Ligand SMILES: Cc1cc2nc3c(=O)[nH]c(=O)nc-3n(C[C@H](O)[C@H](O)[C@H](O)COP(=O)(O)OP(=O)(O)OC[C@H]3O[C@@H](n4cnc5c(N)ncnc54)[C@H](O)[C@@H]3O)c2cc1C
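Taking the form predicted on its own, here's one chain by itself in structure tokens.
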């Protein structure tokens, strides 16, 4: 057995290892932090003029609002990061968390619509997993399912459990156990809003680990939901006073304090092996350059690619022969955030969020940010457009037209006619596929194996971990840990 390396020698060795992190979203910043805090010399390259990616906070009409990610699930890795950055006291619990579904029972013929004006809406049941109810006879379920749908769901309790094997496809499981009404009116709206995917693309064992096993024990899907909710309560969701961008600001400040070089407005255009099997050439351009011919090249000992999927594949494909080619799975999304003077919203008539029945509206959903995170007077609402296989309805509109469409859609979804906004903000994001998508984990593992087969190269980001900070943070930390072990201790250290 070899002798351990003395700590002072190890510290000196770490300081000589240069790591490039490509991408300044949360994944890139967390990976950079994990490397910098053990003494590695880190440089972060971000193509945009700001850090944070889908985390974006703006001041709008006198309110501070998050136009993208507005909360974080406090799984251990995320909770540890928040505590390490000194942000624990800034965490805030959502005040209102109820989600409503809008469009259930919408009549298709004009005569019926005339007799029953408005768009029917009802809250999703809180006692549920993936929208699957624990009690189909609750008031909320009965409103959403109707009499026939409720009694069809009740048949779940009379059917035998799956005793050999189990059903991993969420749509097939719900349809067979509880019927189409539960699938279309409870499960589909929730998975579309939360995972950006239809239920037939969701892997039950990833989205709700233990649900199939609980079904065998309980004898019914509703019983399984009750067991799972008791045994595995979800990690609490928290926001940050002053907006989620405080997480980005704190990571940036910590990196700079650790001596990292953080460069915005500096896109990486190519990676190239340096010919020694131990390092990489990073090609960059910046605002100070007139043409791509003025690109700068720098040598690094290790590289972490933490961009979105499209940019990552463009950088990795020329240097990772086993990466393979597949269509980019991300989904374009636009959000329009409005600040309005609307006293009718004081009572939070549709809770924290109203979700359109998939395919029924131009907007996918609206989050009532003021109801969710508190506040008085003016109200902030964030309207989302786009989704699985859906181009955002705002894509071809100018900002004024997009804001008007958002106001009209929010009025319908929230059940309150909203006045012209005091202020509006428009943001475009690329929504990464959810970790719970069927086949996602296997595909991500293949990518990681191909990338990490190359010396001192790694990739992380929502396209590999699945969307959501609760997935991004631990994945970025684990990826950086494997890379820094390889950089400091050799190829076998990551295991």
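Remember, it's a predicted structure, so these values are computed and weren't measured experimentally. Positions refer to the first chain, counted from 1.
Although it is not shown, the form predicted together with the named molecule is what the next lines describe.
S.K.: In the predicted bound form, is there a heavy atom of the named molecule that lies within 4.5 Å of any heavy atom of residue 156, even though the partner is absent here?
M.R.: No, residue 156 stays farther than 4.5 Å from the named molecule in the predicted bound form.
S.K.: Would residue 480 count as touching the named molecule in the predicted bound form under a 4.5 Å heavy atom rule?
M.R.: Because no heavy atom of residue 480 falls inside 4.5 Å of the named molecule in the predicted bound form, the answer is no.
S.K.: Residue 370: heavy atom within 4.5 Å of the named molecule in the predicted bound form?
M.R.: Because no heavy atom of residue 370 falls inside 4.5 Å of the named molecule in the predicted bound form, the answer is no.
S.K.: Hey, in the predicted bound form, is residue 335 touching the named molecule, heavy atoms inside 4.5 Å?
M.R.: Yes, contact at 4.5 Å.
S.K.: Which one of 311, 260, 183, 250 is close to the named molecule in the predicted bound form, taking close to mean a heavy atom within 4.5 Å?
M.R.: It is 311 that has a heavy atom within 4.5 Å of the partner.
S.K.: Under a 4.5 angstroms heavy atom criterion, identify the one residue in 222, 150, 266, 245 near the named molecule in the predicted bound form.
M.R.: Only one option qualifies, and that one is 266.
S.K.: Which one of these stretches, 422 to 430, 57 to 65, 34 to 42, 439 to 447, sits within 4.5 Å of the named molecule in the predicted bound form when only heavy atoms are counted?
M.R.: The contacting stretch is 422 to 430.
S.K.: Go through 195 to 232 residue by residue and record those having a heavy atom within 4.5 Å of the named molecule in the predicted bound form; state none if no residue qualifies.
M.R.: Contacts from 195 to 232: none.
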